[in-house]
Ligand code: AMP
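The chain below stands alone, shown as structure tokens; this is the form predicted alone.
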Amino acid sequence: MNHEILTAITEKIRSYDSIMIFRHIRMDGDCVGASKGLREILSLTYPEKTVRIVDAQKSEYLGFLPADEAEAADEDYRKALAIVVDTADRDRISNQKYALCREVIKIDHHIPVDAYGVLNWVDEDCPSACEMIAALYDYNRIEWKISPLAATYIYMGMVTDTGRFRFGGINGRTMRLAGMLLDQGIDTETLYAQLYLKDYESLKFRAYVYEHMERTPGGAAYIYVDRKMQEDFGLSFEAACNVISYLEGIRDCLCWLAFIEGEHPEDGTRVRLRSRFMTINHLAERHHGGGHACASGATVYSREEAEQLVREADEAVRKYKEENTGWM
């Protein structure tokens, strides 16, 4: 852990009376947990400060969480310190008014591509941004305060971004910090129910996916969810994107892809890529995307480009199998 950057971030937070926290578009459990958890910690620790999240975006998956503020006056931004969590580049920051803030701190665990902050704490070996927030709290735990609610937010992000602590990058520090949060009194039974219970109708879509997914000769699984499929099953775009989780765990398939057609053709088709053992972010980078070594996103703009990405994934898996042993 880089104590120098942690100290610098802490001192910067102390020096401001107003703090605004930002996160990425298409919000997920990690960016929401990191932003909400940090806000709760700072509000408890510094009740004299104004700490806000101004973000109007919503998520069905995280609909059980309270909404954040939808808007603020420009003057509120200009006097504030901005802290942006879980966002690799400035174009993906959900509320672009972050740029009005006096100074910006970046806290992120993606591959570094854009040092947009006056302080940039980037740890690409960390499996979640929420783990970084937990580590920041732990570094300041003599001074900083935490509550069961703050701990729940941060733990939620750690759980969702690591696949319940199953993905690569998990180490002893991850589990020790998770244990520290659990010691605050998190109701894990309720949290897991809110995150993972399924609607009865959604199981029909899952069955459809298993009937229609395809597998390449090399060992890449994929599914294409077009607009008609989304309409037939009454899926929101967000719900359709969750199809990627249905494809994991197939023996001999080291890479899996979900193509989710957008409402407007000019927006392209969103692609979610996941892998086991092998690195796939380079595939996403060739197709207007990027991300983590084993979890990335991309966008394709035609069926031909989608088919090309599938071929590239198939070749990457084939090459990995030829050059490595121990894969399953």
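The numbering used is simple: start at 1 and walk along the sequence shown. Note that the structure is predicted; figures quoted are calculated from it, not measured.
Another form exists, predicted in complex with the ligand; not displayed. Remarks below refer to it.
Partner contact region in the predicted complex: 290-298, out of 44-52, 290-298, 261-269, 58-66, criterion any non-hydrogen atom within 4.5 Å of the ligand.
Of the candidates Lys97, Lys145, Arg92, Arg215, Arg92 is the one whose heavy atoms come within 4.5 Å of the ligand in the predicted complex; the others do not.
In the predicted complex, no heavy atom of Lys106 sits within 4.5 Å of the ligand. Residues of 101-116 that come within 4.5 Å of the ligand in the predicted complex, judged by any heavy atom, reduce to His110 alone.
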